[in-house]
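Only one chain comes next, encoded as structure tokens, the form predicted on its own.
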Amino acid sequence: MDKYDKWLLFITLVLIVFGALMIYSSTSVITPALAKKGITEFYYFKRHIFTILIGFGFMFLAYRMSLSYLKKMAIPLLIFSFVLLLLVFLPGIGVTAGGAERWIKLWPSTFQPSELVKLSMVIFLAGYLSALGYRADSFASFIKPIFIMIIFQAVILKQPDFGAVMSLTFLTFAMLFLSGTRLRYLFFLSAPALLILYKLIMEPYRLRRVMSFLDPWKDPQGSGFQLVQSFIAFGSGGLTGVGLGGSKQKLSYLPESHTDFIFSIIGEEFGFIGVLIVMALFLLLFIRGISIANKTKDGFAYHLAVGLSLMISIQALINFAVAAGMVPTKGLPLPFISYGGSSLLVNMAAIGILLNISRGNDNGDMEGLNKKTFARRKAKKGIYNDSRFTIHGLRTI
């Protein structure tokens, strides 16, 4: 099979083009304060287009890369992403904004290493879960990736970036769960995880976010301001929206309107129907990713496709929930749509890998195995005669 998944590519292109359109719509009106900084009507749009062009390069490289080589690079890539995480704390390299140290200087812009961490973790977990020595019923096999996840989270919390920590947690636990890990191992970590979560939430600025999430109207001009303005955007949009470019909330009323809260502007300009279409596109993207996973005969490719699909979908779901006031505010961009080069580049590379897997040309896990080894691997990884995989003993669709 040498044909890539055209539907996945089409959905991705639609999201990217629509994202560029929304970036222009949400940043085309320049306030006097921005004008003094030399920011023009097309400032953000041109930078976003430049990132998209680089992203297509990343996507093509990921599409052409051998999956066997990618598997070999899992550990080096994980180490490289950890080093980048540490670089954000070095003066002259790290960039601070809004009291957070999350970026490093890369000409002509900046890069957020936590985005690369998620991709690196997915590739590492795919290789780890598909290894012959991995046992889903072994606590030792379960705790190793958890330990690695905690190390990364400890550094990310120093930045601080609570949203990235939660995304990494959901992603790691989901991949372990879908690999067949015993539920009692996951529940074993629930008690200490809840204690740590409670301690983190009790930090004053996070506690204010939680309280404003519970009742944003209690302090509409303070801690609840962003969420209230997001509600106003959705409410103003109604069923069909006010039309492209007609948003009023983008006029310095809604903070981060072109990044973390661009979904609210979509709701205002395209209404409830536009919101449903965007959500449907991400759902279709997830379904295509899982479909690609189910068609592969390679254990590494299977876990990689599932992980990448989850990586994009979980971030989109959290962004939807934050903008709609269903969870406390977190700084997570909407994949392919929000302004933010780091997220866009990583997600486009992830799509390139998924398209690569969909070609079905590289079954590195199965190549060169003798019949006895292949039989043992089938028994461990749960491969049926029709080349599908199991999740907790259930055949996937």
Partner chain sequence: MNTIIIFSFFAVFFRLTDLMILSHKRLSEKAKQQHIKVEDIQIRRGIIFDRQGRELALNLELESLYCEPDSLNLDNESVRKLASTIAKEPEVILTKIPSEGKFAWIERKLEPDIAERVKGLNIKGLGFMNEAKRVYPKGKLASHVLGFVGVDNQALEGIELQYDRYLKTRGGKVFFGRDASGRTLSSGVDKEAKGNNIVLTIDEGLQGIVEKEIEKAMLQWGAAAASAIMMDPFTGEILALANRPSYDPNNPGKVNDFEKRNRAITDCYEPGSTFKTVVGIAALEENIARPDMLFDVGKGGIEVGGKIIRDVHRHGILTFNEVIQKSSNVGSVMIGMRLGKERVYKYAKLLGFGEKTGIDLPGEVSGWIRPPERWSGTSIGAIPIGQEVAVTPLQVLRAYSAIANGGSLVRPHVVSEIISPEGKLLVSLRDMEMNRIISKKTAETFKDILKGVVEEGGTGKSASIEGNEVAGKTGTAQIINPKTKRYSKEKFVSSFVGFVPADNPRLALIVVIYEPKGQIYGGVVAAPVFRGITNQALSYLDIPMEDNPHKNPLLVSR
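Residue numbers count along the first chain shown, from 1. For clarity, every value in this text was computed on a predicted model and none was experimentally measured.
Absent from the display: the form predicted in complex with the partner chain. The rest refers to it.
Asks: Which one, 115-123, 87-95, 147-155, 245-253, holds residues whose non-hydrogen atoms are within 4.5 Å of the partner chain in the predicted complex?
Replies: Contact-bearing stretch, as computed: 245-253.
Asks: Is there a heavy atom of residue 224 lying 4.5 Å or less from a heavy atom of the partner chain in the predicted complex?
Replies: Residue 224 lies outside the contact set for the partner chain.
Asks: At the 4.5 Å heavy atom threshold, is residue 286 in contact with the partner chain in the predicted complex?
Replies: So residue 286 counts as contacting the partner chain.
Asks: Consider residue 134 of the chain shown here, and say whether it contacts the partner chain in the predicted complex, taking contact as heavy atoms within 4.5 Å.
Replies: Residue-level check for residue 134: no, no contact with the partner chain.
Asks: Please tell me whether any heavy atom belonging to residue 164 falls inside 4.5 Å of a heavy atom of the partner chain, as the geometry stands in the predicted complex.
Replies: No - in the predicted complex, heavy atoms of residue 164 and the partner chain never come within 4.5 Å of each other.
Asks: Within 4.5 Å, heavy atoms only, which of 73, 196, 324, 104 is in contact with the partner chain in the predicted complex?
Replies: Only one option qualifies, and that one is 324.
Asks: Of these, 177, 185, 111, 82, which has a heavy atom no more than 4.5 Å from the partner chain in the predicted complex?
Replies: Answer to the contact question: 177.
Asks: Kindly confirm or deny that 18, 52 and 63 each have some heavy atom within 4.5 angstroms of the partner chain in the predicted complex.
Replies: Not a single listed residue reaches the partner chain in the predicted complex, so no.
Asks: Considering only 226-260, what residues come within 4.5 Å of the partner chain in the predicted complex, judged by heavy atoms?
Replies: Stretch hits, in order: 229, 231, 232, 234, 235, 236, 237, 238, 239, 248, 249, 251, 252, 253.
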